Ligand SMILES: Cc1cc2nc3c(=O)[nH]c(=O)nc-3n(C[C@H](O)[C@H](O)[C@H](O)COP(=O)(O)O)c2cc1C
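Below you will find one chain, with nothing else, as structure tokens; this is the form predicted on its own, and questions on how it binds or moves follow later.
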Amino acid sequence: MQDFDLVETDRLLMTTKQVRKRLDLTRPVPVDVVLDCIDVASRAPIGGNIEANRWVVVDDAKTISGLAACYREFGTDYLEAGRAQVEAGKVDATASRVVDSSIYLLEHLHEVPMIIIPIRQGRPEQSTFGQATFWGSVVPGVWSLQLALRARGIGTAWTTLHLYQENEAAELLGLPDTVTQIALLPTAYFTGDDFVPSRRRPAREVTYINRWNQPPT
């Protein structure tokens, strides 16, 4: 039986975005609300039903500042290179907006009220199978968390630049070397609620039936 409101379900899926500029830096995020969302996210598909995913929820200002410093260590030069591409007219308007909002987040990351670090126990293997199994058992849960938070008025952004300082971040969080940090999610209530679906190519342009390059009829 189909008892979901498809309009609202689709709206949630299509308007859960990277929130960088519209994070409310002044309003605390209750840990209990995040725990409710993690309960939802834990129902996402995981390989072998092995519950090896963990979450580090950070609301300590000193630790957030330390993680932001890890983020800036590589992110500053990386995003400045992106800004140079924008100023040279080498990227389109969409990429320009992404660079602009990413630089804003880099400059304000230390001010966010919460950071969430998704964790997977173990380290990824090098084989294609090992990689697919490892990431495929944790990424759906992170996305489910972002959806659940969005439904409660809380925005996030999937970022990974801090992983260039993975060891430093692990030391800040007291992580053993037997676990893997998946991402860094700046987390805050978002301002406004006029998120619209991103522009994407139609399904018929990106989908093949039965064989590569065989489009739907």
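When you see a residue number, it is the position in the sequence shown, counting from 1. Predicted, not measured: the structure shown is a model, and the values here were computed from it.
Same protein, other form: the form predicted together with the named molecule, not shown, and the subject of what follows.
Put simply, of I117, V86, L147, L105 only one has a heavy atom within 4.5 Å of the named molecule in the model of the complex, and it is L105. Listed stretches are 49-57, 28-36, 155-163, 168-176; the contact stretch with the named molecule in the model of the complex is 155-163, by a heavy atom cutoff of 4.5 Å.
With a 4.5 Å cutoff on heavy atoms, R201 does not count as touching the named molecule in the model of the complex; it lies far away.
Though the partner is left out of this view, V98 does reach within 4.5 Å of the named molecule in the model of the complex, counting heavy atoms only.
By the criterion of a heavy atom within 4.5 Å, R20 is counted among the residues contacting the named molecule in the model of the complex. In the model of the complex, the named molecule lies within 4.5 angstroms of a heavy atom of only one residue of 45-72, namely Y71.
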